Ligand SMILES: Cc1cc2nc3c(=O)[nH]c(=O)nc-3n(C[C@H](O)[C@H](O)[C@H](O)COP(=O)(O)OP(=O)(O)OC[C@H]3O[C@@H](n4cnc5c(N)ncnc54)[C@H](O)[C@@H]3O)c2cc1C
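Next up: a single chain in structure tokens, the form predicted alone.
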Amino acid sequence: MSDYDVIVVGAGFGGPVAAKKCAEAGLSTLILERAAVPGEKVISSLTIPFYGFLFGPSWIRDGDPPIERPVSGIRNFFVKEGKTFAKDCSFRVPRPFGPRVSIGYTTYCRPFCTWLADRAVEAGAELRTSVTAVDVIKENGKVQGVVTDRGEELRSRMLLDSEGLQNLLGIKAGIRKRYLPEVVELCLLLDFEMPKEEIDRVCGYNLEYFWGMPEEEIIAPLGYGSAVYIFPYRESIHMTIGCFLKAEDEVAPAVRTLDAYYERFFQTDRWQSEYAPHTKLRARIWDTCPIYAGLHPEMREMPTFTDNMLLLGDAAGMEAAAIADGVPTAWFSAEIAADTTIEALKAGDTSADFLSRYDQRLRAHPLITALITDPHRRDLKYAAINVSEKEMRKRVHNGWGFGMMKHLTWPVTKAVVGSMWRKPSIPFRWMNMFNRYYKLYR
């Protein structure tokens, strides 16, 4: 006998979405979360792209999640000898549409993940926090549940693994390997308080990316496509510098190097004139995130399913390669995982053969494959190898300027057409969302 129909491990961005749908289908559903509060162990803040809200769960789109600020554009600044000598602001929503129509929304993970988990609990799922699933129960070679750090054995008919980069259960189940250091970035994030009126003046509704050639030493060594990111929130800004653990047989230097890169960035003219007088540091956060798993042949071919078990989100290597954001793909894969689970339990067949339809659906999704295999960020390394500022500016334009439209237009168009085919009135719901989210911010 099973304790639950479904056990979901992880209450980040994907787990609660899958759990809510399973609970609504009448399945007894348990969510296990190792943190005391959902979202506490996730990277502290991020920007969720618009397509996550448009094509993800309708209850998120039509709800009132805790967003911080709409984003209607990206400003790319190029730094040389401590000064911003050029910029590319070509990717933006033109007025009068922006910022009411946005390319994304900034948010802090803890309140957003808590909001998601609360919706799953309201639907009937059980949430247990401060509990870590440390192993899987296997009988006759098949997963039958999990073992917790408290020594409990919790059995289920289906196990949905949404534990992220740690990926322990996928490894224990024998279907995944540890993330390779070539696809893991170590990030040092700094969170600053900043008055809203100053953020409105300096950033407005824009993300700011700062790029420089290697000799500038503001983009971390082994960054391979990284920039210094500044994300604006309601009354704070968040900065990130990241360094891959390994790249082309080079191993990342000591973590204190990132502090040195920050110190050089803090001497740049834009930081000194626009940010420094108005900011107060309130948090330093170290974290790791996967980025190029979908571009690495070995990682890309690792299974996402086995008997009685599905992996979703980062646990299945679904981080968007160009923007290092796994939220939309976590939402997409969570809904597909829940649908597949409901079908499997209804059919009484949770074998790997039946569950293979999950992987087929992931590959057929109009956005997932395009997002996890986008090479634009990784390929910025060629500008550094060729020591070419011109090449760097060209690649930045193609990845984070108007050139981004070249590789986003087709998958987004497919998703739009598919959504309108299923529900012709959906554009009205989208516009209502944009207006409502803008009012939430205001």
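As the structure is a prediction and not an experimental result, all values here were calculated from the model. Residue indices: 1-based, along the sequence shown.
This next part talks about the form predicted in complex with the named molecule, which is not shown.
S.K.: In the predicted complex, is there a heavy atom of the named molecule that lies within 4.5 Å of any heavy atom of residue 9, even though the partner is absent here?
M.R.: Yes, contact at 4.5 Å.
S.K.: With a cut-off of 4.5 Å between heavy atoms, is residue 312 one of the residues that contacts the named molecule in the predicted complex?
M.R.: Yes, contact at 4.5 Å.
S.K.: Even though the named molecule is not shown here, does residue 325 get within 4.5 Å of it in the predicted complex, heavy atoms only?
M.R.: Within the cut-off, so yes.
S.K.: Does any part of residue 287 reach within 4.5 Å of the named molecule in the predicted complex? Heavy atoms only, please.
M.R.: Yes, residue 287 is a contact residue.
S.K.: Go through 56, 49, 401, 70 and name the one with a heavy atom inside 4.5 Å of the named molecule in the predicted complex.
M.R.: Contact with the named molecule in the predicted complex is made by 49 alone.
S.K.: Exactly one residue in 330, 160, 183, 125 has a non-hydrogen atom within 4.5 Å of the named molecule in the predicted complex; which is it?
M.R.: If I apply the 4.5 Å criterion carefully, the residue I get is 330.
S.K.: Can you pick the stretch from 370-378, 31-39, 407-415, 60-68 whose heavy atoms fall within 4.5 Å of the named molecule in the predicted complex?
M.R.: Contact criterion met by 31-39 only.
S.K.: Please state whether every one of the three residues 132, 187 and 319 places a non-hydrogen atom within 4.5 angstroms of the named molecule in the predicted complex.
M.R.: Checked in the predicted complex: all three residues contact the named molecule.
S.K.: What residues of 358-372, in sequence order, lie within 4.5 Å of the named molecule in the predicted complex by heavy atom?
M.R.: Heavy-atom contacts to the named molecule in the predicted complex: nothing from 358-372.
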